[in-house]
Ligand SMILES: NC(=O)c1ccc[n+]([C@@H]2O[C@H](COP(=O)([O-])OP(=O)(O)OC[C@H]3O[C@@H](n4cnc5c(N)ncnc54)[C@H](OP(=O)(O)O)[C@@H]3O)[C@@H](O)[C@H]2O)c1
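In the form predicted on its own, a lone chain appears below as C-alpha cells.
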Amino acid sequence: MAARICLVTGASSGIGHATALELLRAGHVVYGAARRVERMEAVRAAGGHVLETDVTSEADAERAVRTILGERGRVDVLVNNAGAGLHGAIEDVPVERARRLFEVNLFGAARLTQLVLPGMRERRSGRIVNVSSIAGRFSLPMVAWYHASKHALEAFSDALRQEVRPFGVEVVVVEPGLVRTEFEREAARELRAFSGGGAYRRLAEAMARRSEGLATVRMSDPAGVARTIRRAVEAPRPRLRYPTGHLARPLLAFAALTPDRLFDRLVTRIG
C-alpha cells in the first residue's frame, strides 16, 4: 500500500499517541498534533512529524493543515482523535465547562475537517476517521455533557459521510469501549468536585466508586484501538463504524436491547 499522509490529533497520549506510532510502523507519513509537544518525542523518534496544536484554536488548526500542505501537498487521512471528558450532574457543571468540552470533542474536529476537505474533494480521495466512543450510542447519569458531545460527533459524522461520498471521500467512526486512558482516571475526582456535596451526592459517589472500580477491571490498551484505526485507514472499503476495545460490542448490544425504563433503573442503582 502506498504511504498516506496522515494527520492525527491528540497524539501526545492515549489512543492518539498509539495511533501515530501504529501508522508510522505501517509505513505512512504521520503528523502528530497536540498541545503537549514534549510528550510526542516517541512519535518524532519513530520518524513522525510533531505539530504543536490546540484543536480549539482556529489559528493552530489552520497552521497545522497549511504546514502539511506546504511540505507534502496533500492530506490523505485525518484522524480526529483529540478529546476530553467531563463528569458531574447537569445542574452542577458550569455550562462554560460544557462549551469548552464541545470545542474539543466536536468543533475542533469539525474545523479541521473543513480545512482538509477542499483538497480531498479536488483529488476525489481522502478518509476522515472520527474517534467517538460507545458513549456516543447511549447515555449514563453524571456524564451527560461527554455523552452529548459524542452523540453530536456521531450525528456530524453521519451527515458528513452522506455529503462527501459523491466526491470520493470516506468517513469512518471508531467507537472505543473500555480503554485505559488518562481522562478515565479523572472521572472520580470530577464527580466529587462538582457533585459530591450537593443534591446529587449519593449518585455522584456511587458513580465515582464505580469509576474507581474500573481499575480492577480488564481494560483495553490504547494500542488495540490504534490497530483498529489503522485498519479503518487502510481498508479498501472501510466499515462505517468500528466498535473496538473491551466490552464495546456487548455494551452497545445491552444498551440497544434493554428497554429505556429498565436501563434507567439499572444505571442509576445506588448501593
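All of these numbers come straight from a predicted model, not from anything done at the bench. Start at 1 and count along the sequence shown; that's the residue number.
As for the form predicted in complex with this ligand, it is not shown, yet the points below apply to it.
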Legend entry - The unique member of Y200, Y146, F156, F194 whose heavy atoms fall within 4.5 Å of this ligand in the model of the complex: Y146
Legend entry - this ligand: the contacting residue among R63, R35, R241, R230 in the model of the complex [heavy atom, 4.5 Å]: R35
Legend entry - Touches this ligand in the model of the complex: L178 (any heavy atom, 4.5 Å): yes
Legend entry - G83: touches this ligand in the model of the complex, heavy atom cutoff 4.5 angstroms: yes
Legend entry - Non-hydrogen atom contact T56 with this ligand in the model of the complex at 4.5 angstroms: yes
Inset, instruction - Examine V173 and determine whether its closest non-hydrogen atom to this ligand in the model of the complex is within 4.5 angstroms. - result: no
Inset, instruction - Tell me the stretch among 48 to 56, 65 to 73, 232 to 240, 203 to 211 that has any heavy atom within 4.5 angstroms of this ligand in the model of the complex. - result: 48 to 56
Legend entry - Heavy atom within 4.5 Å of this ligand in the model of the complex - qualifying residues of 91 to 113: V104
